[in-house]
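Just the one chain here, the form predicted alone, laid out as structure tokens.
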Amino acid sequence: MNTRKALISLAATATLLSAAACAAPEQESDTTTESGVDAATATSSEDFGGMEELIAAAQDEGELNVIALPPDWANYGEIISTFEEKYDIEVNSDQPDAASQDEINAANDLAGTDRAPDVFDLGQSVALANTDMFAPYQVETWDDIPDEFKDPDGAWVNDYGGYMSIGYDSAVVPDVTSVADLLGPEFKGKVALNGDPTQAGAAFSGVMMAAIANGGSADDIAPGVDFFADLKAAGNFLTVDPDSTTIEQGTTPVVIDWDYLGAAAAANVDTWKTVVPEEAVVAGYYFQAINADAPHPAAARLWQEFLYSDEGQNLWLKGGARPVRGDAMAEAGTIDEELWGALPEVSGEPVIPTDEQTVTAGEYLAENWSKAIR
């Protein structure tokens, strides 16, 4: 089966205990706009009186707090700068390399302060475990988003997706065609996984990919853990969190991560290649949500409107990710056709774990991951 643009939500990670942190002093906040609208309870732009009024309310706040958005992840650097320039709102980007669980931890630690994150971009299981922290909101393009990619009340919405892949510097290691190749002696001290699979969505899906490639399934992630134990025993597994710097410096010449991040790496490393193993195709979307305790509730809602607008969706596409409104925009003629058509074909049948399978896999990882790679 050739699968290019249509993706189905994939569970991303298992929730861990929050790390202790010193909370900032709480500050009282009045979220009522000059027009008398309580921005913190608004569920659509209509509650503000329309988009112009929402923009005005967001500009009165003047700031937006985001977290865990690396500039080279799905083109977030350009997305943030475009939003700032378009609306004259300063975006405070905190902990860009944080994992999904770190976002929730920060929201809890900073609750009631003006430093709390206004919005989240989360892996599936972390998102679904924390829906009581989200403020329902439906963007103007709500009807373009398929029902299976959103909460019916707007508590969360899938945003962009991709396929789990193996990226590698072809000047350093041989061409990769399968997950099993990574056990070869040519890959000694060279293979990195993007994060801890008990905390980070990309890493979770990387272990799931390894499981499927080694006889496992969405019901059985154990072979994936065993694979990484073998990778560690062979001396091939690097316990280094890869990013654009480690890739450019050659510290992590092989990286298991989303395919759109491989595309970003290739922009700076001419010899970087990315492959989605045909024997283990794993696809997934991330989840977008508004913090119910957002210190800038109008700006948070305007951010959502921007992300799900044609402009925002095309900016994700520019980063190699597949925007959730992509099919609707292609039909309407508003998609960037050159970028849409350039998305690589992926052969193989995608494996889509259910929520229950994700929870079970997360529990297994929590019990066995650290033991396997220590």
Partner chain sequence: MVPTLTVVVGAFQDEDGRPTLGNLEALTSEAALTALRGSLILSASTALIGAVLGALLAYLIVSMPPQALMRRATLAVSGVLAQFGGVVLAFAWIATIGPVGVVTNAVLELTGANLYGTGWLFGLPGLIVVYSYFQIPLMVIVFAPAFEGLRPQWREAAINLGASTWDYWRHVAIPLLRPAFLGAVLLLFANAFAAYATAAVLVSQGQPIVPLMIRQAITSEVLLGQANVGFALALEMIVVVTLVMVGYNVLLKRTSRWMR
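Basically, rigid core = biggest C-alpha set you can superpose within 1.5 Å across the two forms. From a predicted model like this one, the values you see are computed outputs, not experimental measurements. Residue numbers count along the first chain shown, from 1.
If you look for the form predicted in complex with the partner chain, you will not find it shown, but the lines that follow are about it.
query: Is there a non-hydrogen atom of residue 300 within 4.5 angstroms of a non-hydrogen atom of the partner chain in the predicted bound form?
result: Contact with the partner chain, no.
- prompt: Does residue 366 reach the partner chain in the predicted bound form, with heavy atoms at most 4.5 Å apart?
  reply: Yes, contact at 4.5 Å.
query: Taking heavy atoms only, is residue 197 within 4.5 angstroms of the partner chain in the predicted bound form?
result: It does: once the partner chain is placed as it appears in the predicted bound form, residue 197 has a heavy atom within 4.5 Å of it.
- request: With heavy atoms only and a cut-off of 4.5 Å, decide whether residue 304 touches the partner chain in the predicted bound form.
  value: Output for residue 304 is no: heavy atoms all beyond 4.5 Å of the partner chain.
- prompt: If we take heavy atoms and a 4.5 Å cut-off, which stretch out of 121-129, 208-216, 137-145, 163-171 is in contact with the partner chain in the predicted bound form?
  reply: Selected stretch: 121-129.
- prompt: in the predicted bound form, do 157, 274 and 324 all put a heavy atom within 4.5 Å of the partner chain?
  reply: Not a single listed residue reaches the partner chain in the predicted bound form, so no.
In the predicted bound form, the one of 193, 74, 247, 289 near the partner chain [non-hydrogen atom within 4.5 angstroms]: Selected option: 193.
task: Taking 4.5 Å between heavy atoms as the contact cutoff, choose which of 113, 92, 108, 251 touches the partner chain in the predicted bound form.
output: Here the answer is residue option 251.
message: Within 4.5 Å of the partner chain in the predicted bound form, counting any non-hydrogen atom, which residues from 233-256 show up?
response: If the 4.5 Å heavy-atom criterion is applied to the partner chain in the predicted bound form, 233-256 yields 235, 237, 238, 239, 240, 241, 249, 250, 251.
message: Please state whether residue 172 has a C-alpha shift of 2 Å or more between this form and the one not shown, with the rigid core used for the fit.
response: Yes; residue 172 is a residue whose C-alpha shifts (by 2 Å or more) between this form and the one not shown when the cores are overlaid.
query: When you overlay the rigid core, is the Cα of residue 152 off by 2 Å or more between this form and the one not shown?
result: Residue 152 C-alpha, core-superposed: shift of less than 2 Å.
message: Superposing on the rigid core, is the Cα displacement of residue 188 between this form and the one not shown 2 Å or more?
response: Residue 188 C-alpha, core-superposed: shift of 2 Å or more.
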